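Given as structure tokens, the chain that follows is alone and in the form predicted alone.
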């Protein structure tokens, strides 16, 4: 009987430790920055040994990536809207503006911004981490834009010859660049304007 009970208890302990490590990594990146965040610091903050972390992850970047993905998933679940598609009200501009405004709010939230910025920067140096960051977080989000733009094409709201994968970059990429490089404020008005420029063009009509 004791043997049957030990496995679930060990599983619960492992899950508690993993959750404590996630929370510690995210908190330290916000408080002291990514360069000063260490495996030792994460272990101490989480109340676990370094060997526990190294048993599951090979670096602090790996810890942070997994913690960040977990945070994003839990935030979506708590809000009750795990995104499987962008809104489709029939008004493409309004739908894109709604989603990009929510993105701005995320990017301005320190608990999201600090780890996201750290992972984006580290992904430039560590190509393998960068590929995993793109594949696991960015690419699924970009695919939602592709799907919405294809639906708009089917409804006749976007030209049929437009490549949705390139088109989404007209509003997503400028926002990402401005956020990463601090070249200007990111606001709802800014992303609304990006959508207007992307959908309406710059030439006089």
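Remember, predicted model here, so these are calculated numbers, not experimental data. Numbering follows the first chain given and starts at 1.
Beyond the structure shown, there is the form predicted together with a further copy of the same chain, which is absent from this document and is the topic of what follows.
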item	value
Non-hydrogen atom contact residue 169 with a further copy of the same chain in the model of the complex at 4.5 angstroms	yes
Partner proximity in the model of the complex: residue 133 to a further copy of the same chain, non-hydrogen atom cutoff 4.5 Å	yes
Proximity of residue 137 to a further copy of the same chain in the model of the complex, heavy atoms at 4.5 Å	no
Close approach of residue 157 to a further copy of the same chain in the model of the complex, 4.5 Å, heavy atom	yes
Among the candidates 38, 143, 44, 177, the residue which, in the model of the complex, approaches a further copy of the same chain to within 4.5 Å (heavy atoms)	177
Contacts with a further copy of the same chain in the model of the complex, stretch 113-132 (heavy atom within 4.5 Å)	117, 118, 120, 121, 123, 124, 125, 127, 130, 131
Change in CA distance between residue 119 and residue 33 in the model of the complex, which is 3 Å or more, as closer or farther	closer
Cα separation of residue 32 and residue 109 in the model of the complex versus here, shift of 3 Å or more	farther
